[in-house]
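We begin with a single chain expressed as structure tokens, specifically the form predicted on its own.
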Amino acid sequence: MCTGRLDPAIVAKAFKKGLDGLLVVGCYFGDCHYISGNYQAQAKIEMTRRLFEHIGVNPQRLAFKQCSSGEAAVFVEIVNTFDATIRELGPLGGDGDAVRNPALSEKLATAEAVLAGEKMRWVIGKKTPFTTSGNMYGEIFTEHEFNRAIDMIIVEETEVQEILGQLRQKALSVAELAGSLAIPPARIFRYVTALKRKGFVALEGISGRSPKYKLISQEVS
């Protein structure tokens, strides 16, 4: 099976279930039977690594490497090197990571939701054309420019999913969400307004002078 079929959301789910590390080994660029499958795999892993680092999981726990089916010695070296890295990091959520349980489980659930979202799937699918042939206007992005865009989307999508996670438990005001998530109220208000406009959240009522919002749709992408 081509590494290009790897679903980043499943990667996050595996770590949520206790995986300490994941190594994806694909063929060399130019050797893929599906033309661009290994490019897609590398882009998906890199995006997931950047998201993991953002939520506090050491990105070294996830790696993409390449070798051919005839390079047994190279494959063994790749596996042994990765194994040594994971053993040095220790179990997931330990000293090798910036986040600990029980927050770790919540962070990985958020990461899974982000990676399953339509926006992340769309943007990662555009990496190869945007950095080679360009967008619809012919503008070609450098690797650095594309990664900066990815990082901005990761921050926004993570914060949106954290808000939704809070609203799944109970109705909350903008101030309460801001206090719980340590996100500036102005940004919370912008996210909630957008979610309300799209029909994902609704006004439940007013507490004092503060509107409280509730989740009305579980399917948010």
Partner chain sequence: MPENHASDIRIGVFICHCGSNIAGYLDMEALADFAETRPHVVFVQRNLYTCSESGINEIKKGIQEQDLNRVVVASCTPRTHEPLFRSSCAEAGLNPYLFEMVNIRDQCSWVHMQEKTDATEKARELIGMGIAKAALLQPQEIILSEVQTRALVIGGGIAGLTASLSLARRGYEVVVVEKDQALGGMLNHLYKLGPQMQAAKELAAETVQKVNAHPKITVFTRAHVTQVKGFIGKFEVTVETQSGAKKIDIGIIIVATGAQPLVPEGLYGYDGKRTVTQFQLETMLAKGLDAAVRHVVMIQCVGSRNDERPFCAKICCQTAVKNAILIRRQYPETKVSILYRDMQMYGVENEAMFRDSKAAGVRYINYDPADPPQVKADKVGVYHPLLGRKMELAADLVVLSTPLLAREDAHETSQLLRVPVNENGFFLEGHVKLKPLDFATDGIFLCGSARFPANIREAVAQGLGAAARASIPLSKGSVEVEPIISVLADEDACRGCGLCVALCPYGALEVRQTEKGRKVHVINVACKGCGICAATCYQHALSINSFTDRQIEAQIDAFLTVHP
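None of these values were measured; they are calculated from a predicted model. Residue numbers count along the first chain shown, from 1.
There is another form of the same protein, the form predicted in complex with the partner chain; it is not shown, and what comes next is about it.
Asker: At the 4.5 Å heavy atom threshold, is residue 161 in contact with the partner chain in the model of the complex?
Answerer: Although the partner chain is absent here, residue 161 would stay clear of it in the model of the complex, with no heavy atoms inside 4.5 Å.
Asker: Even though the partner chain is not shown here, does residue 25 get within 4.5 Å of it in the model of the complex, heavy atoms only?
Answerer: Residue-level check for residue 25: no, no contact with the partner chain.
Asker: Does residue 59 reach the partner chain in the model of the complex, with heavy atoms at most 4.5 Å apart?
Answerer: Judged by the heavy-atom cut-off of 4.5 Å, residue 59 is well away from the partner chain in the model of the complex.
Asker: Looking at the partner-bound form in the model of the complex, is residue 34 within 4.5 Å of the partner chain by any heavy atom?
Answerer: Yes, residue 34 sits close enough to the partner chain in the model of the complex that at least one of its heavy atoms falls within 4.5 Å.
Asker: So, a 4.5 angstroms cut-off on heavy atom distances: do all three of 1, 19 and 125 pass it with respect to the partner chain in the model of the complex?
Answerer: Contact check passed for all of 1, 19 and 125.
Asker: Okay, which stretch from 150-158, 37-45, 167-175, 186-194 lines the partner chain in the model of the complex, with non-hydrogen atoms inside 4.5 Å?
Answerer: Only one stretch passes the 4.5 Å heavy-atom test: 37-45.
Asker: Considering the partner chain in the model of the complex, which of 74, 99, 116, 109 comes within 4.5 Å of it through any heavy atom?
Answerer: Looking at 74, 99, 116, 109 one by one, just 116 meets the 4.5 Å heavy-atom criterion.
Asker: Going through 1-22, which residues have a heavy atom within 4.5 Å of the partner chain in the model of the complex? Please give them in sequence order.
Answerer: Contacting residues: 1, 2, 4, 5, 6, 7, 8, 10, 13, 14, 17, 18, 19.
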